[in-house]
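The chain that follows stands alone, in the form predicted alone, written as structure tokens.
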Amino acid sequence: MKKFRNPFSFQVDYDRESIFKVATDKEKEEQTFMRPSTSFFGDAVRRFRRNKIAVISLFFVILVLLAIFIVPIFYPYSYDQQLGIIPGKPVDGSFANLAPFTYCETEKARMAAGEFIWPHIFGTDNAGRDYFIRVIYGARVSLLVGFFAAFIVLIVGTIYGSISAFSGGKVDMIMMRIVDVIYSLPDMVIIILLSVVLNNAFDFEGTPLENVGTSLISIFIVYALLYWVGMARLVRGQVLSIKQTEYVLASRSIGTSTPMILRKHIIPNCLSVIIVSATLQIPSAIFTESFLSFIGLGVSAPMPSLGSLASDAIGALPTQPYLLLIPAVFICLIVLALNLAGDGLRDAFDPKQK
């Protein structure tokens, strides 16, 4: 029996197919305005890619990293090779102090005989060593110091700060007082003292650490002993706020162990802050190593670093200013690129940024 309907009613008649039709898939997609779901890190990467300066800086750092590891493989000169010295023959001093992209008389004669001679891109120093490959190795040493120091700070500071904050009470108070004491220690003085002690107490000759030098080893030790305190304080502040959240309290209520809570819940939620802080630690370590190498407390000769190259070039400043300018520009560009990339990561991982 057909249901009677008042013709003056304002209710919608759903039985009339001429009014309502099933929407097609294309029409449903046209009504979808929400963006695809993404994770926190995926959203951070998307925001980072919008920062063109940070992306260019990161690309420059990656390009430098590729250059310092790939160029020495095919480059014909070595960082310690003195081109004018051949065993059993007189020293050829014409290889010393060559300008960029120039050849000495010996090389010109060999080229006239049909031999191919690789150009000296940045010229040579006063010992006849190719300056380009020395700058490449200097950048390698400086960047390795920076990344190694950031790794030490990342590991020690994260573990120490998270344990201090999660333990609380007297444990937190004692651990933070230790941090305050370490903050008061003069790092430069300790580096100098450690360098003297290691130089007198240990003999690294014939070992892989011979070219590194006691001064650089002392820098690594000081970073492991002193420079992690800033990271520890930062992580402690993050953990203090995270450990009061509901999911952490729920984990503790069901009997989850403290190491498991730190590994599964707290540290992953602090990871963005940790990454940004570690990234900004790299240029600081590079600048510190360059400064120490400049005053003679860096790597041992003939292994170069950007700071030692700048220090050695001071004597040739009136005649060859580019020997000082090239490593100084490399230091500035690398530190600037790392700082800009770190600022971009900080903005990308900040949840308050839109």
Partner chain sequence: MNKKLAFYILKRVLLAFLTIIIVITVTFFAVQLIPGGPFTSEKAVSPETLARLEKMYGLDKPIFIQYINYLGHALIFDFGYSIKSRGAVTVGSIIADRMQYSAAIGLIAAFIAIIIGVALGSLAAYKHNTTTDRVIMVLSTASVAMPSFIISTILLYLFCNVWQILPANGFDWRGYILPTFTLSLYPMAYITRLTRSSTLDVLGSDYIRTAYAKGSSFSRVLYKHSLRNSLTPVITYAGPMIAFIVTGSLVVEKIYGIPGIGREFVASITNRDYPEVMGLTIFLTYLVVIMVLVSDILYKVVNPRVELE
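Residue numbers count along the first chain shown, from 1. Treat the numbers as computed from the prediction; the structure is a model and nothing was measured.
If you look for the form predicted together with its partner chain, you will not find it shown, but the lines that follow are about it.
In the model of the complex, A341 stays away from its partner chain, with no heavy atom inside 4.5 Å. Contact annotation for K170: none of its heavy atoms lies within 4.5 Å of its partner chain in the model of the complex. Taking non-hydrogen atoms only, C332 approaches its partner chain to within 4.5 angstroms in the model of the complex. Looking at F60, you'd find every heavy atom of it more than 4.5 angstroms from its partner chain in the model of the complex.
This chain is displayed alone, yet in the model of the complex one of V181, V91, M260, A250 has a heavy atom within 4.5 Å of its partner chain; that residue is V181. Of the residues given (I217, A224, V273, L193), L193 alone sits with a heavy atom within 4.5 Å of its partner chain in the model of the complex. Using a 4.5 Å cut-off on any heavy atom, the residues of 274-298 that reach its partner chain in the model of the complex are, in sequence order, F287, S290, F291, F294, I295, L297.
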